[in-house]
Structure formats: structure tokens, C-alpha cells
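Both blocks below hold the same protein chain, though in two forms, and each is given as C-alpha cells: structure 1 and structure 2.
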Structure 1
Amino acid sequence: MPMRSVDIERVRALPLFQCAAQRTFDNLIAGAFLQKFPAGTTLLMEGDPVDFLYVLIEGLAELQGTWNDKETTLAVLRPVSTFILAAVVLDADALMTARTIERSDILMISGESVRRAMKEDAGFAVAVAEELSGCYRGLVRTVKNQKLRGASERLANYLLAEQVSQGGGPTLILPHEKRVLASLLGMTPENLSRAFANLTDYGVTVNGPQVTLLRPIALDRLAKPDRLIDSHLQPSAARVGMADRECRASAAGTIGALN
């Protein structure tokens, strides 16, 4: 289906494409195609060759990994975001399965075109390097978060970060169902339930997807947020420059790019 000019502008505004020459961007878009996928569509399976760079224009997509009959959610993607960039650059197989959660519009850009553009356009190649470097740093934050913190500390930091991203009020809405949230935080659903119960003493109350933080100071003392792990603590000016390059520990872009 043809792309609307507003969608082309949204894709062009992504840091990955901002520094590309207009000719480079036009060539990438000219060979791409936009498709609508219903909810529950498998876009690619882990282990499959990756022929396209995917750009989520509308909808939601989930990245999953499996091993020994076990399955976990590694990331939930929201518009506008790219995914499978590392596999495209390396012309390698996918490390994860990608599925749509709801009806989604996805732009599919030829992986060969991306690799050719990197060779021909230095600005675009630098943007790819910055995207992957920033998301690598985000992955380091994620690993540190999961290895250095217990379940309750991880959940506390997640809630404080969400509170910031949702405007700083005492009440926030969990953006994912609890099964998905547990996977994103490196927990089982049972461990997540216990972690929420443990945070009751710190003023955390839960009503379905709605969470209220009644004692944020006490919760902060438990969480001990650290700017070298939690990127929402970066100074405002730095966050503006890195927002789309260095992904937050819970952000989907980290996993989406480094696949």
C-alpha cells in the first residue's frame, strides 16, 4: 500500500534517517513497502534470515525468544520504531520472533538497500553506528539492572521511571499486562506478584493496571536509582540528545536494534 506523506515524514524524523542524504532516503523508501498486519501475525521467526529492516508505523509488536519449550517476551515496540537493525547490518539470522500484538502498519525496507546505503552515504552509516552504539549502552543498563538488583528493587525502579515518563503524578498506568511486564523485568509472573506485595510497605497500591505510589520517598530509598543504570536520570539536555539512541533499561529499542 502507498505511504502517506505524514508517515514518510515520521520515518524521516527517526534519528536513523535524519542524517541520510535526501537521495539515500528516497532510494530506501522507493524500494520499501508498507503493509497492514492483523493482531497475532508472525512477522519473522527466530533463526530465519532477515530480509528487511522493519519500521513500526502504527500498532504494537512483541519480540520473543524461546529455548527448551520456554518462551519469554523481550520487548514490546511502539510507534515509530525500527527493529532487527543489527541482523540487517550483519546479514544474519534473527535472534527473536516478532509478532504483532494489535493491528499494525509496518514499513519493510530491503536489508540489501540498507547495507548499500551504508556504503554509499557516510552520514547514514554514522547514524546506524550511533543507533547500535546507543542501544548497546541501553543493553548494558538492562543487564546491570537484572544482575545487580533483586526483584523488588527492579520493580521499584521501573515504577519510578514510569512515574517520570507519565508526568510525575502519584498514579500511573502499567503499559503492559503483568505477564509481559514480568518478562521485561526478568521475572516469572509469580515473582512479579511477590515483588508487588513486598512494595506494599513502601506505599505501592495496585488496582488492575493502575498503580499508586503513596510513599515515593520511601520507594526511592529502596530503589536507589543510579544514573549509570537508569537513563531517565540523565540531565534533561542529555536526554533530548540521546532519547532515541540510548534506550532506557525497559525500552524496547534496546532489544529491537540489537537482534
Structure 2
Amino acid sequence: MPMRSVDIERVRALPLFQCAAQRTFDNLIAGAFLQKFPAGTTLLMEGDPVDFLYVLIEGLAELQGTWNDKETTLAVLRPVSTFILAAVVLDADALMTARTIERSDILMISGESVRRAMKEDAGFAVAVAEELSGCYRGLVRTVKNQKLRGASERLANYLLAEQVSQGGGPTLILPHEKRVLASLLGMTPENLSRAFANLTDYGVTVNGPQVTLLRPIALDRLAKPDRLIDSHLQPSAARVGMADRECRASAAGTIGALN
């Protein structure tokens, strides 16, 4: 429950916190909990009031939305990401359910203290606005991805993005169950299987969670990745120091670490 100083430093290094005054940061973590959750734990249900800002320190988590007994995954989060920031800022009810996919370490910071810190520390308030901007743009990319691309195109782009995020080698490991991936990409598990089958012509080989891209150029020609949709290919950051805030926020899933 008390935080290790290693973890404190990881949090302090987040874009969200690194510009905050030391005093602001201390106040924020003073009333914070670091908690371990097993896989499959629901942290927060859609529609519930939000009392905490969450920070995923270790593990894997998922944000999902529901309607009419149907469910969809809006994002898969990797460490280190914050989530549910927008609801915290507005003190509003959650629009998505948050669930752990793996055993996870999660830092919970009082929402009330976040709102107070923003009013007292302009640097922190700016950082919150920047974080939200990155999340917002991640979602814009998501919507474009969904509305403009077909199912196999979405999968192809996902694979290319994962490839670079896993070091650029020809073979990559899916970070979670295929059913979660299917939901993230906006299709059924059955259709994801077929989408993988479609991509065999483009050099995609599947073996359980392990996927190999034998003909990346052919796959790329199908996927047509675009810097205005796929956040992993950003131009050479002409304005230094920025850009990577947006990148980090968008690193998880096809899309963004959504707040």
C-alpha cells in the first residue's frame, strides 16, 4: 500500500506530472493508494461516479463500453498510462468500464485533489490539458480508423503498429486474447480469424499468439498506414519536446490510452 520510491519516480516522470511543482506532486500522492488487482477485476463500472484518477503502473487493462447487452473494447492500456482523466476533471460519471486483463498494479489518486491541484498549479493544469489533447486526438484517429477502413485493413494496420512497438522484428506477440483484439478492432472473434486468413496472401503467419510478417512491403501496400490515423508513424518532431506526449498517449492498442 505505501508506494515504493521506484514507483513514485516512474509516476513523477510521466508527462502529466513532470511539469508539476514538487509541492503539487506531493499533495497528489499523499492521499494516493497503490493497489494490486488480479486479472479480470472490474475497477470501475460504466455510469458510476468517478472518485479517482487511475494510473496503470504494471500489468494490462481494458476500457469497454456497453449498450443493449452488447460490449465493445475502446482501448487496451499498457503501463505507464493514466486513465479516466476526463471524467475526473469534470467530476462526471464514467462513460466506460475499466477492467484489468492481467494482474496489475494501479495507483489511485483522489479526483478531488487532482481538481484542486489544477486550480493551484498552472503548470499542472497545462499538463492536464496537454494530456487530454493527446487522448482526444487518439480518439479522433480511432473514429477515422473505424469509419474509413474495412476489417482486414484495420487488422493489417494494427499488426504493423505492433511490429514497430515490439522492436521492428518480423515476428510479434499479441499482448492479449484474440477476442479482445477483435472487439478493439470492431469485429467478432470469428471475423478476426477470417481477417487473419485473408492476410496470408500478404505474408502473415499466425501461430497462437505469435504472428510473423513475412512480406511487410506487401502488407504495407494493403494497409496504407497514414500519419493522420496511425499514431506510430509521426514525422521527425520538428518542434522538439512535444509530440511524444501525444505518441505515448496513443501507444496502446490501435489507438489511444483513453482517459
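Everything numeric here is computed off the predicted structure, so don't read it as measured data. Just so we're on the same page, rigid core means the largest C-alpha set that superposes within 1.5 Å between forms. Residues are numbered by position in structure 1's sequence, first residue being 1.
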Structure, 1 versus 2, that is the form predicted on its own: 1
Yes/no, residue 49 Cα shift of 2 Å or more between the two structures with rigid core fixed: no
Residue 37 C-alpha relocation of at least 2 Å between the two structures, rigid core basis: yes
